[in-house]
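Quick heads-up: it's one chain on its own, the form predicted on its own, in structure tokens.
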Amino acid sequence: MRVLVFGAGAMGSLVGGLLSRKHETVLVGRKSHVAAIRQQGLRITGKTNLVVRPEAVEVLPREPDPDLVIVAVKAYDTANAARALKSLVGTALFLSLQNGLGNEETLAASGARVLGGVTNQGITFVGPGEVHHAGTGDTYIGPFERAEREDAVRVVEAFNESGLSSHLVGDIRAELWLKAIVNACINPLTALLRAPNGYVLRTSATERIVHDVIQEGVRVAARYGVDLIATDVFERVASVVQATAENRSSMLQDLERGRRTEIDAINGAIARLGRKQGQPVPTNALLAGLIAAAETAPTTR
């Protein structure tokens, strides 16, 4: 396939880099990252250790049109991405591999054929031209809107043959909610405590917070037609924490670099959707508020 990765940060670079070994792949990213990839290739270290040489550009290429567009920008940039990619809506299949809730809906509003996707890889952006693969995990892909099962099958096959363990799921919305709640447990705690993922379940205090986040998230998801079992969600949190114990979450990395986080699409979205349904969401709302405050605190700079 011809693949375009829009948003070649840590996750986009890993996925695009691995796909480039089997498929014609173009990464769209920041100037310094693009320049480094052009000069010396994309270096992936850690669980995966190799150098690949996908095409890298700063702006959307005019041709040829891709078969698959992987959207990997931060959640707060999804609307801008949808506008930038509007010319490809009629020809390409879109796959979101983003954090949080609402990204697929935003892409689908443009008229695109959309697949939803969640991945449990632990990735750190080291610097221009290099990402560190800190933890491995499975990827789940399924039709979201206007896309067919066969579309998802083709992408899952491409991922698997490129070394990205992937699975076809019929109800991707359940996976999206599950991943959002897992992120709501891990990301803000690691960011606020300045600790790697493994610390999340290391104390009774943080474990209690995790259980509260899960209970609130499960109740809100049910109001939107997604039935999750709290014990199953906790097991997924524990699995991700174990698999990515040494990884520093993207939210922690954003705070350390003085950048905006994706909290509005994670705990913020759960809190917002819960309030709409009259559901109490105090823990998610508190974590969202603390991260929002941390974004502007002098110590984050």
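Keep in mind the model is a prediction, meaning the values are calculated, not measured. Heads up: residue numbers just count along the shown sequence, starting at 1.
One more form of this protein should be noted, the form predicted in complex with a small molecule, which is absent from this view; the next part is about it.
Shown alone, this chain has one stretch from 242-250, 268-276, 62-70, 43-51 that lies within 4.5 Å of the small molecule in the predicted bound form by heavy atoms: 242-250.
Mapping the unseen interface onto this chain, Asn120 counts among the residues with a heavy atom inside 4.5 Å of the small molecule in the predicted bound form. Residue contact with the small molecule in the predicted bound form: Ile186 places a heavy atom within 4.5 Å of it. Taking the partner from the other structure, the small molecule in the predicted bound form has a heavy atom within 4.5 Å of a heavy atom of Asn197.
In the predicted bound form, the small molecule sits beyond 4.5 Å of every heavy atom of Thr78.
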